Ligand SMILES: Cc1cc2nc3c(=O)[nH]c(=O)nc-3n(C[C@H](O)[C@H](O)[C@H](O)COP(=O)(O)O)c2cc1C
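As structure tokens, one chain now follows by itself in the form predicted on its own.
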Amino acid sequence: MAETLNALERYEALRLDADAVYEAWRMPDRPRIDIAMDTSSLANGAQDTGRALAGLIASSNANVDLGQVHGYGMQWLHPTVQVTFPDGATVLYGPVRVEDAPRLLDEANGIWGAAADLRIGMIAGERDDIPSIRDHEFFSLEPRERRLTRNLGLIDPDNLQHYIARDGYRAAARMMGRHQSEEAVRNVLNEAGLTGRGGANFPTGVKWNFLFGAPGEVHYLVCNADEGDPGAWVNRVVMEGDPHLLLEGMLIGAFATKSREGFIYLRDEYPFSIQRMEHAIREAEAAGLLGDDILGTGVSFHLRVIRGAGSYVCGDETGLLSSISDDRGMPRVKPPFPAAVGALGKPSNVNNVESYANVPLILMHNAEWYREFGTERQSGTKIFSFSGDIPRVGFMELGFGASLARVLDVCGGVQGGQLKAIQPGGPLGSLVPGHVIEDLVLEPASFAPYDAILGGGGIVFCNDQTSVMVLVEMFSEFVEVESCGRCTTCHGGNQRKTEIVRRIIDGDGRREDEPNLHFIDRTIQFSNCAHGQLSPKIMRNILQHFHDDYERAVLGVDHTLTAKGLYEVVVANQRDPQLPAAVDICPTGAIQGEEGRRKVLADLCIRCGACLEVAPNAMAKQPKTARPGILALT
């Protein structure tokens, strides 16, 4: 009993200090401007905005503080900032550029209305003339109260005490302090229906059972944070916005699987995520929440971040484990499975970032609470990132089963044309025709009839102004380059596939290309890992769902004028004043002739687009003549 009280008392002591710190942060003595510091905001100029605000505050000796939060999800409005007033009211503004800094500071200083046009909504508290951010159309499909993303905008991600004050580590402390059994923890996850969030959707509790039952004293718990799909930044939101949520989930996982050491395998292309996670680990160790004898319970768990070297195939758990073991990051044949032979040759468990992040929430509440959202087959909520040809790029936390058509609506619809295709799941995912969007919901089973997968949460909407053959060429090149080279079927097959696709968009399609692509598809299925097995999926989808586009490309027809071998560049206006600039910038000297009679030599033009950029009114694209007799259009 003494040990139980000791463990809980230690947590409550941490909580007491944390509550005081957080209360002072939420109800500041003077206004505070918090800049959204995450990768998306930084890419849009957050540092410049921050420097401008810091300079103004220093030069004017303003009675305002500066701080940081994570963005709320509206990436199209970055850089965003929040102003928290002494009464606790917090207003979200964006985009706040360098030139907007003076009036934002004025508004924070009490000149109400100085930055009224930049206001987005209320993060906390009330102002009569500003709606809650939860009432914004973009978040209309989210649960009224967030779960995985509940702390975003309401904590400083680099402050452990903020996390603790919002019930952070309470689930772990209660589990250890009350001597909950490892089996009971795993059973709760099974009852909740938590599955892997990287795309495979394997039950998390079952996976933990495998590691718990593995022989030996050394077990490793591994987090797969190697998020490499273009258009997906779901894992990054958790790591940069609420890093201790991931750490607490892994701590609970370590307890439930008898693991004393763990690794977070984090792609090197996420330097800010690496910085946040390493800082969070140091904070947790200093507070006695990681390391030896956690909260005086005798439980030990040590974590370290492993920086990946940019290998996409390390998203496969066996490739990731090989990389951790200081071998070449190459997936291997299973069995043996990681629960038997994993990192450093020892039994290991690999889960995705979101899988671990859900665990503290489930233990804090219960399985029934978790199942309030989702479907019968897929319970809970998930973070999804939405990008592509839409005006509102961002992320949302949605219950499984949300309508994809409604998502597109709240993202502002398709811009620049009509919806042509939906690309979920990254380069190994799928290309689904846009006309079926009304039938799609955000659940893996919904995509299966279209030979498609939902993947890890990145959804890209594509308009009809780019040829689908250009898209498939980009993905074909990606999976070819990222093949580890172990399997001839994958490495050689993807080379041949990419060569065929490139030849088609270069204007040299052949009648035999389609049966050859089908043959390559069937052959690659015998690859050792998912990278090879899934690599032809997007090409297969082209032949399934976009066959007319494929046939036209083989004929040499591309109405979008984006397949570079199916159009030619011409001089459209001999008198345009920018035409000399187009002549000068051409890297091959393809624009020739005397003034007033210039033309583009087709044999020299490489269609780099430079002339079209500098002289858009002088130069133009026009379709090449179709190649008759190659293939009959159906």
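All values reported here derive from a predicted model rather than from experimental measurement. Residue positions are given as counts along the sequence shown, with the first one as 1.
Below: the form predicted in complex with this ligand, not depicted.
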Let me test this: is every residue among G199, N224 and E227 within 4.5 Å of this ligand in the predicted bound form, going by heavy atom positions?
yes
Just to confirm, with a 4.5 Å cut-off on non-hydrogen atoms, which of M539, A173, I524, V313 contacts this ligand in the predicted bound form?
V313
Among R236, H78, K382, H531, which has any heavy atom within 4.5 Å of this ligand in the predicted bound form?
H531
Contact between A553 and this ligand in the predicted bound form at 4.5 Å, heavy atoms?
no
Counting only non-hydrogen atoms and a 4.5 angstroms cut-off, does L428 reach this ligand in the predicted bound form?
yes
Just checking whether K207 would be counted as a contact of this ligand in the predicted bound form - the rule being heavy atoms within 4.5 angstroms.
yes
V350: touches this ligand in the predicted bound form, heavy atom cutoff 4.5 angstroms
yes
Looking at 210 to 218, 190 to 198, 492 to 500, 395 to 403, which lies within 4.5 angstroms of this ligand in the predicted bound form, counting heavy atoms?
190 to 198
Taking this ligand in the predicted bound form, which residues of 354 to 380 have any heavy atom within 4.5 Å of it?
S355
